[in-house]
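Take a look at this single chain, the form predicted alone, given in structure tokens.
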């Protein structure tokens, strides 16, 4: 019989809002068993309760009801800066984290060289970490968590702060950690291809409740199908799975063909246009508005961005309610299914973020004007190119 690294029984967490007047359940009656030496993925939309569950497992917060039994020591990487003292240097924080895990000074020294090499922050090892960039913070924090001796490793999607090359190193390290060291990893991710390939099992959580647990491919396929249906059925302005201050909100986003006015079904190589409706909650004039419409394939792999900030088109002193247009003269997306993660910033503050705000499809087209249609549905991007001898 496989040993259980984590046993979660009837776990619930209630939070209070508005000085205790309003309450909501971030987690409701979660039952989950995680085997030792395995990678368990946690997936679900924003606000589902995934991070709350990790914080309970990491003993940062405690459940309202139920319990979580952990068999072994824990290292966690839940937020940028978790477990680090800002006034201490990188080196001092490594020793601090090691001692918290019960390691001796000599044991920590044995791991020091590998930790520093993996993190790539050697030149700044004796600098107080309060001077580190968020990327440096995450590189060192992951390296410490991954190399110091613990039985269970908890990782939130804080890895998204790091660059692509470092993320690849982290994923390889997590894989070897379970395979070679028999450590247990609990990993939150919005990237379905990473979750599918890395995790032995996946738990899908939504609105605080466990929806499904089991084989990685089956669970991610079910989750993507559920998301696709929801984003089509529910108007954007009524969606509750969003984050930000709420000062200004997305009301509707449409991605359409300006020639045919056909919505959410576009042709590769043809013109396309975004139409974004927004509204201020306070019905006041908006000082500085920045929009990001990030394109992902169905597995959650980021492909491209459309943003007024990228092209240096500022929107200042706008009316409280209005519409913004973004025209794409020649759509370079390959045939396939995609979705948009929409982010809206007001005066530098995150006002509204909606994951999978809309889904859309791109059909085959003659992108290069060569008479050759690319029919294979492999989501990606065409690049302008010129060949010669």
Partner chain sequence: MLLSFATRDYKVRYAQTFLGYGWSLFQPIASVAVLFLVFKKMMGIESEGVGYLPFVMSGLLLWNYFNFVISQSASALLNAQNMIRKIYFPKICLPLSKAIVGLVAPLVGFLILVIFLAQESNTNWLGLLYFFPALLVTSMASMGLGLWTSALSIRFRDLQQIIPFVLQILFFLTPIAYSSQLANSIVPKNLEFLLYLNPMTGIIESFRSVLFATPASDFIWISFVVSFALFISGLRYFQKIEMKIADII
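All of these numbers come straight from a predicted model, not from anything done at the bench. Numbering follows the first chain given and starts at 1.
As for the form predicted in complex with its partner chain, it is not shown, yet the points below apply to it.
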Of the listed stretches (34 to 42, 330 to 338, 353 to 361, 61 to 69), which one has a non-hydrogen atom within 4.5 Å of its partner chain in the predicted complex? 61 to 69
Among 273, 277, 111, 92, which has any heavy atom within 4.5 Å of its partner chain in the predicted complex? 92
Here the chain is shown alone; which of 76, 220, 189, 119 has a heavy atom within 4.5 Å of its partner chain in the predicted complex? 76
In the predicted complex, do 196, 239 and 326 all put a heavy atom within 4.5 Å of its partner chain? no
Its partner chain contact in the predicted complex: residue 134, any heavy atom under 4.5 Å: no
Whether residue 15 contacts its partner chain in the predicted complex should be assessed with a 4.5 Å heavy atom distance threshold; does it? yes
Although the partner isn't part of this model, could you tell me whether residue 269 comes within 4.5 Å of its partner chain in the predicted complex, counting any heavy atom of the residue? no
In the predicted complex, does residue 283 have a heavy atom within 4.5 Å of its partner chain? no
Inter-Cα distance between residue 129 and residue 54 in the predicted complex, nearer or further [3 Å or more]: farther
Explain in one word, closer or farther, how the Cα atoms of residue 93 and residue 150 are placed in the predicted complex relative to this form, where the distance changes by 3 Å or more. farther
